[in-house]
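Here we start with a single chain on its own, the form predicted on its own, put down as structure tokens.
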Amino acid sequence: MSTLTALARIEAARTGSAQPLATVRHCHLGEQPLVLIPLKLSGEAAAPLAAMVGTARKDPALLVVAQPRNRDLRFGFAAELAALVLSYVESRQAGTETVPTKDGEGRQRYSDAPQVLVPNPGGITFLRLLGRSTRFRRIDGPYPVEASVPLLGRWLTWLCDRAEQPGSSVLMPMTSMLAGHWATGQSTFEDANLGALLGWLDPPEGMTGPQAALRAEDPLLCPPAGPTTDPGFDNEELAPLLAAYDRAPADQARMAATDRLRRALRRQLEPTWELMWRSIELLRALPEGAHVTGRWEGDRESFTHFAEGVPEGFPQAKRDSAVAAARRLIRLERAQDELDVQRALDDPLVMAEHRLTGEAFAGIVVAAQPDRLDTTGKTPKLRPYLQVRTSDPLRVADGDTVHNAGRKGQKALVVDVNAGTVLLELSSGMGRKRVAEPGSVPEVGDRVCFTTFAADFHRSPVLPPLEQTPWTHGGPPEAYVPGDDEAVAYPPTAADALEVWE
């Protein structure tokens, strides 16, 4: 936790109201996200109990498994969920745009991508297990499933894999999104409760944040946001309802038992459904950060690439090869570095944390030589001087390179640091002539911010092809082909039961 975040939490606890950690929204929020609230049976790794799904606040679909331990009913639930999710995915493929390429011909990319919102990180974990357990199912042979079920598993796996990418917006937990933009006066563990977190951000009229959060912790007033359910509900309502379904002697009695179960589960899910849409309204009120559009383009690139391979490709493998794992790690680390820099460049509140640690400094230009030339070489070069007065802690030294946060690509060399002033020599971002382009050199009186980091990143290291994987990393992997053991009716071991939903 940074110093400013800690101060914001202290201020929130003192005032009883959440404090902003950002001035802009650092995630994309589409016009029609798919809200998905899953519930699972307690004590089971991935046995679905119910789900509330939809793209409209007033029109949610409720899916229920009358007996989660019944294999046919579980995969019937998966088929119902597939109908909703795949229809939503297909709707995101309605429009395309042309992306320029080096050869000048251009290529097509979808102009939108799916966006799924779940209440908390536990929802992503559940969807990952659900995807793992459905993408290997067979549509023929023993224990066949609907053709849409394995396709649902592949898309859920892609969504969950993409959710690991820092800055991605295709699958996001609402608690993480809210906690990244506001600080509350409670612990981070308590922030994992969507109702309590929203109580601090948007308390009911006449209540303070702590009062609203305390009220939200009552499972009778605000049921858990899933995927786990409240133990009291499990023992007092759910268990008798499931037992009544099991004892039902005929179809009509089972239908009646299912209706009672649906009503009970609807009461559990509707409060969270409202919390999700209230959260969306809060996030929409924030303006979108400047770099969010670029990150969303990355999501659309990934969506387009995956959609092109779905009809003919195999389901995603259980685990990555050594080279694929290294590539994934490099990609995730680089994405995290890019996100950290972009958030700082987009948001003065985030930049303030870097200024506090000395990674950046802001101040007023008190002197400038915009037409200065460096004549030490064979050819004179435009090298303007800027003198910046700042009250920020300075941890830069003579000879360091800094970057202008307000002008992409403009670098400066630290010439001298003395008594709260920094003398800088600009070296780029002014055009290619001996006279700087208008507006490219800050003037006296301008407020500027320079950082020790930039949004420019080096290329990823070159990794060997799969067929040249070193023996220290297992050697070249065999070509992946799904085997019969991945579509068995029951897992052979207890360990597999945690990964395979059967």
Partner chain sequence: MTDLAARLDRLRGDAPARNHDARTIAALTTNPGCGRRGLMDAAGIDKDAVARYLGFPAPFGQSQFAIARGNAFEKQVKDDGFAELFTLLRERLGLPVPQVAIESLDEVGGNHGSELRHAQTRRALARALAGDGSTLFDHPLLRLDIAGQPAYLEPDVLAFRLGDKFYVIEIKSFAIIDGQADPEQVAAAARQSAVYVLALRRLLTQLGHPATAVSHEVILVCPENFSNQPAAAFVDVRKQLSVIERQLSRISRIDDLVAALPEEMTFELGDGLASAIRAVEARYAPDCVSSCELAFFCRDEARACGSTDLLGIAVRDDVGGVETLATALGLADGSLAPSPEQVEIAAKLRLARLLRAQALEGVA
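The model shown is predicted, which means the values in this text are computed figures rather than measured ones. Numbering follows the first chain given and starts at 1.
Same protein, other form: the form predicted in complex with the partner chain, not shown, and the subject of what follows.
Residue among Leu283, Leu242, Leu382, Ala307 with a heavy atom within 4.5 Å of the partner chain in the model of the complex: If I apply the 4.5 Å criterion carefully, the residue I get is Leu242.
In the model of the complex, the residue from Glu359, Asp392, Glu80, Asp202 that sits within 4.5 Å of the partner chain by heavy atoms: Contact residue from the list: Asp392.
Heavy atom contact within 4.5 Å of the partner chain in the model of the complex, the stretch among 213-221, 265-273, 152-160, 421-429: Only one stretch qualifies here: 213-221.
Check all three, Thr3, Leu41 and Pro348, heavy atom within 4.5 Å of the partner chain in the model of the complex: Each of the three qualifies.
Asn235 within 4.5 Å of the partner chain in the model of the complex, heavy atoms: Yes, Asn235 sits close enough to the partner chain in the model of the complex that at least one of its heavy atoms falls within 4.5 Å.
4.5 Å heavy atom contact, Leu63 to the partner chain in the model of the complex: No.
Residue contact check: Gln186 to the partner chain in the model of the complex, 4.5 Å heavy atom: Residue-level check for Gln186: yes, a contact with the partner chain.
Heavy atom of Arg132 within 4.5 Å of the partner chain in the model of the complex: Yes - in the model of the complex, heavy atoms of Arg132 and the partner chain come within 4.5 Å of each other.
Residues within stretch 350-368 having a non-hydrogen atom within 4.5 Å of the partner chain in the model of the complex: Sequence-ordered list: Ala352, Arg355, Leu356.
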